[in-house]
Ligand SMILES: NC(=O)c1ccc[n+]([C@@H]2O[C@H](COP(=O)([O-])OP(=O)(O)OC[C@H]3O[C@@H](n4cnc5c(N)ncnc54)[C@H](OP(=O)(O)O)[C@@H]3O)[C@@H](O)[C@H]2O)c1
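Shown below, as structure tokens, is a lone chain in the form predicted on its own; questions about how it binds or moves come after it.
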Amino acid sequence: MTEQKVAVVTGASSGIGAATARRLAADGFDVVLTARRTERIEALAKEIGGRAWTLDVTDRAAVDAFAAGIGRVDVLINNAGGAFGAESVEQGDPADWRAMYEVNVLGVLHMTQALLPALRATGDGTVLILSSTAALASYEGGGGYIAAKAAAHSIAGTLRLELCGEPVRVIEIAPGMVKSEGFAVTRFRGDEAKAAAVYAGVAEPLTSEDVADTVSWAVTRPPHVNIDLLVVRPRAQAANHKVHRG
């Protein structure tokens, strides 16, 4: 009997992370949901038959403890992240930049370093990094987030080179405009009106489920197939700065 594959999803308490956890559970994975909000991941774990583990990916000691206790890991979904603030580079708060770097960059580093031994041990491991189209093209007011996601993009490319010949593939998925739970509200510090304006007139931005579907497809390819970089946008968005609004 083939042992059930284990997928670890960071930032699984809401949005893309929660949708990905649901989708991978439906695909037959034993899903380990990690996030800081215990009640949310415990409820979702109960719903999908997964396992909840309260974890802050910026806390290296906590990540190491998680890695020591989790056992088998076949797939790591580095989803935890976020954008804080939309000020110009000139006006940006260094504390916001530092917070974005901690979760979007060092969080990926902590989880990947800690779980690589387990991923190797399966003989067919997958590291998936959720970056962003922000990593690939700049726009005004996005400096700190762009810098952080560009760093995550660089981690993916470098890691793939360093693991060449080993039984671990490295996938990067870069979503464009996604109307996911809380993302824009967090970016605009709770201002619902500013968050709503991001999607104004866009009939169908991507949903968290759209991105989860893309993640599912990428990680379930045959072992010899690697999806190096997959950019996914809504049809209404031709580029970061080019969006059709009705």
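When you see a residue number, it is the position in the sequence shown, counting from 1. These figures come from a predicted structure and were not determined experimentally.
Quick note: we don't show the form predicted in complex with this ligand, though the next part is all about it.
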Proximity of P175 to this ligand in the predicted bound form, heavy atoms at 4.5 Å: yes
This ligand contact in the predicted bound form: T220, any heavy atom under 4.5 Å: no
is_contact(G82, this ligand) in the predicted bound form, heavy atom dist at most 4.5 Å: yes
Residue contact check: L44 to this ligand in the predicted bound form, 4.5 Å heavy atom: no
Which of 153-161, 102-110, 85-93, 116-124 lines the interface with this ligand in the predicted bound form (heavy atom within 4.5 Å): 102-110
This ligand: the contacting residue among K194, R189, R51, R36 in the predicted bound form [heavy atom, 4.5 Å]: R36
Residues of stretch 129-162 in contact with this ligand in the predicted bound form (4.5 Å, non-hydrogen atom): L130, S131, S132, Y145, K149
